[in-house]
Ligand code: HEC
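Shown next as structure tokens: one chain only, the form predicted alone.
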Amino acid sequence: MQFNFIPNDLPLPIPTGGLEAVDVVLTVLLVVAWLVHILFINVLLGASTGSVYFNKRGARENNPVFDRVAYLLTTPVTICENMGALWGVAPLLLISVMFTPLFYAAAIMNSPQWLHIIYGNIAAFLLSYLYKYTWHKLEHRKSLHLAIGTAAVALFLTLPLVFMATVQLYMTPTTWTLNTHFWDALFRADTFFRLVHFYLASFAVTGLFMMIYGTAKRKSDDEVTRQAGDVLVNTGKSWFLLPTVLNLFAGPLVLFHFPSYGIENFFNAGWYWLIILGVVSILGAAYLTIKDFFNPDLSKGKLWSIVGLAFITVLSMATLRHGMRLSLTSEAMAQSKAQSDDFVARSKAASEEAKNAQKAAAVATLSPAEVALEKNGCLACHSADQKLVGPAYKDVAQKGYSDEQIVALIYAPKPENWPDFIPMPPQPQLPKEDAAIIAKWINGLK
């Protein structure tokens, strides 16, 4: 497989410190951080949508229970938007280190839409807080209040579009061209089905959360809140079941819209067993939910059995997602490394060639005496006009030695002539012709 547009940027080296297990640690951190992040985001999208839905329904039917349900759902929204954003930083940083050339190339293709993650988040956060904390002040201006909540939900629902387009791009570098951009990635079939799968999963996870949240609220001392708890549990069952069943069909559409080489690598590596585990677990959770679907009193044991089975599925999906990432990107990352290694080797060769050429040019401008001085290491201790380890050559010239005397002193130095300097050792290795050239040059400095 040849990837035509893999950038030549140098991959960031992962500092292992000699511990190869660091790569495993980073992989585990990536899976866990992404899982925590995505669960908060799932509940954020589902609960914010549910709050607006029940708010509108409560106003239309003049039903205080639905209004209470809507208000109760604003609490997980404000919590999840903060925790989701916080935990979202970790997987982004890990991916940018582990898949540097692919991730940053995809992010560049998605600019300036990538900025929507920042500005869209800010606007959605502010609107959601305004929606929550004006609940009682705007209770007689429901149209305005619903407009604020609807705007927040709309913004929240658009944020995954940018993320998913970027993810699909960096995971499928065979689809890159010189003109690939955000809209190309967004309207692809693989991106579409992943978005469908993601949104359905968000409402399924929110359904589970509603069952847990509603069970807790059933214990309230307030009658309206207790009734709201019943609504949350019953609604949670429907929200969990319907998206879960639909995702059993959407999941295979996601899988088989990836490039064929990635699917082949995925199955050859044995990741498919996680699909089997996830499907079996979620079917078990769905069966328990259907069994007690019309039972208003969902026992705590049954509830946590459903949640436990669903969590096995979510953990399986998070792990096999990384398996698909590796299946799709390993060859591209290997090519990127090979290109980088070749670039480094050519850069070093060019640098050495430039240094040698510069050195040769410098030597070409030297006099024969300076060449002899450089070749024999004399300049390590002496300079023409500055005192170093030994006296300057100009100072030697001022002594009035003949050329023959200087030659003799090179081979048999007299330290007593220069008491302020470290004694010079004899230089028997210096060729006589070089010594004669050096002596004549020194006397020329008078």
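What you see is a predicted model, and the numbers here were worked out from it, not measured in a lab. For the two forms, the rigid core is made up of the largest set of C-alpha atoms that agree within 1.5 Å on superposition. Residue numbers here begin at 1 and follow the sequence given.
Although it is not shown, the form predicted in complex with ligand HEC is what the next lines describe.
Peer 1: Just one of 44-52, 415-423, 31-39, 59-67 has residues with a heavy atom within 4.5 Å of ligand HEC in the model of the complex, so point it out.
Peer 2: In short, 415-423.
Peer 1: So, 378, 390 and 442: all three within 4.5 Å of ligand HEC in the model of the complex by heavy atoms, or not?
Peer 2: Yes, the whole candidate spot contacts ligand HEC.
Peer 1: Is residue 437 a contact residue for ligand HEC in the model of the complex, using a 4.5 Å heavy atom cut-off?
Peer 2: The answer is no: residue 437 has no heavy atom within 4.5 Å of ligand HEC.
Peer 1: Between 390-412 and ligand HEC in the model of the complex, list the residues on our side with a heavy atom within 4.5 Å.
Peer 2: 390, 391, 393, 396, 401, 406, 409, 410 sit within 4.5 Å of the partner.
Peer 1: Note yes or no: does the Cα of residue 36 move by 2 Å or more between the shown form and the other one after the core is superposed?
Peer 2: The answer is no; the displacement is under 2 Å.
Peer 1: Using the core for the fit, does the CA position of residue 57 change by 2 Å or more between the shown form and the other one?
Peer 2: After core superposition, the displacement of the residue 57 C-alpha between the shown form and the other one stays below 2 Å, so no.
Peer 1: For residue 395, does the CA position differ by 2 Å or more between the shown form and the other one when the superposition is done on the rigid core?
Peer 2: Yes, shifts by 2 Å or more.
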